[in-house]
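Below you will find one chain, with nothing else, as structure tokens; this is the form predicted on its own, and questions on how it binds or moves follow later.
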């Protein structure tokens, strides 16, 4: 289970201040645990069982096995919440025994799209177009060119069998599937894209990549139980949500998520979207950013250590040893002999501990100890941050489920394109 510690040499927030705001926020926790009627169309994720039950998992695994047995590549078409959760897990945990996972629907760049199409040359492939609102330009346009690529290579029947669509019932995307014989699975109508990790949206692509989705769902369900039961004052998601709001009140404008595991690179993108779209409204909200350590210690690390005091830092510290690589002497004088016999796991941990020690002298550091980097713990992380984001937004006084700013540019874009 996740564990949270605070490292802050200046003790910016006292324990009494933290405890006091936790007490004030207990009504928010109780409301969130029950679900709120005004957010009913956005809270299908609160109960993992609703969109990731045994029957749904069986169907996901059946479709995934069909794809894995007939394809060298699988194209995930989706933008933002329609691909971030799946990509974060796939890129961290994908196996070598399944199709190559290729991503589309994230860009309007002709160069990037041509590169994507070129990567499919000589490969049998299938596609999954994920779109709750089948009006978003990036996935809609990518779906067009990929349908044509399939039609150019296969018979109409074979091409249709290689197209999956994840959309809402009654949408134009469902009608397209009915008209053309594509496989259709539901995008939950009562969940916004960035909260859809535990549904067809996230789980089907993960299953195609060979991820143990049953373990992922189990992790999320266990986290749900933990956050919905137990002593409210000890609720980890509430504590984190309160800390975020206290730092915001004290003038911090950014939260920097960091880890020393490159496997989490795409999880950062999921986390950034979750908090940016959920809290960045009404002129409020922390700006979520991320850093890939240790590489970026040699870049943004300078700003973190000596720049303007704009941010606090949240670390993900993976506890279990995933791999081992011991440095052996090679008899050449390179002045790195102090590393002889040391394991990179331990070197990486030393870098992590040194960084936290240095940074905590300048700014607050929150450290989440994650037991292992596996499917179960990804499920834990998804549910934890979703629930914490809900609480944090409610404490901040905003609607954590809408995204009016995302829609603002679309009218101008559609006008320019003649829609």
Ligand code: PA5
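A quick note: this is a predicted structure, and the numbers were derived from the prediction, not measured. Residue numbers count along the first chain shown, from 1.
The form predicted together with the named molecule exists for this protein as well; it is not shown, and the discussion that follows is about that form.
Chemist: So which of 81, 99, 219, 288 reaches within 4.5 angstroms of the named molecule in the predicted bound form, heavy atom to heavy atom?
Modeler: Selected residue: 81.
Chemist: Among 90, 243, 75, 131, which has at least one heavy atom within 4.5 Å of the named molecule in the predicted bound form?
Modeler: The residue from 90, 243, 75, 131 that makes the contact is 131.
Chemist: In the predicted bound form, is there a heavy atom of the named molecule that lies within 4.5 Å of any heavy atom of residue 187, even though the partner is absent here?
Modeler: Taking the distances in the predicted bound form, the answer for residue 187 is yes, it comes within 4.5 Å of the named molecule.
Chemist: Give a yes/no on whether residue 273 approaches the named molecule to within 4.5 Å in the predicted bound form, heavy atoms considered.
Modeler: Yes, residue 273 is a contact residue.
Chemist: Taking heavy atoms and a 4.5 Å cut-off, does residue 255 contact the named molecule in the predicted bound form?
Modeler: Although the named molecule is absent here, residue 255 would stay clear of it in the predicted bound form, with no heavy atoms inside 4.5 Å.
Chemist: Do residue 277 and the named molecule share at least one heavy atom pair within 4.5 Å in the predicted bound form?
Modeler: Yes - in the predicted bound form, heavy atoms of residue 277 and the named molecule come within 4.5 Å of each other.
Chemist: Suppose contact means a heavy atom within 4.5 Å; in the predicted bound form, does that hold for all of 136, 139 and 403 with the named molecule?
Modeler: Yes, because 136, 139 and 403 each have a heavy atom that approaches the named molecule to within 4.5 Å in the predicted bound form.
Chemist: Pick from 306-314, 336-344, 111-119, 188-196: which stretch has a heavy atom within 4.5 Å of the named molecule in the predicted bound form?
Modeler: It is 188-196 that comes within 4.5 Å of the partner.
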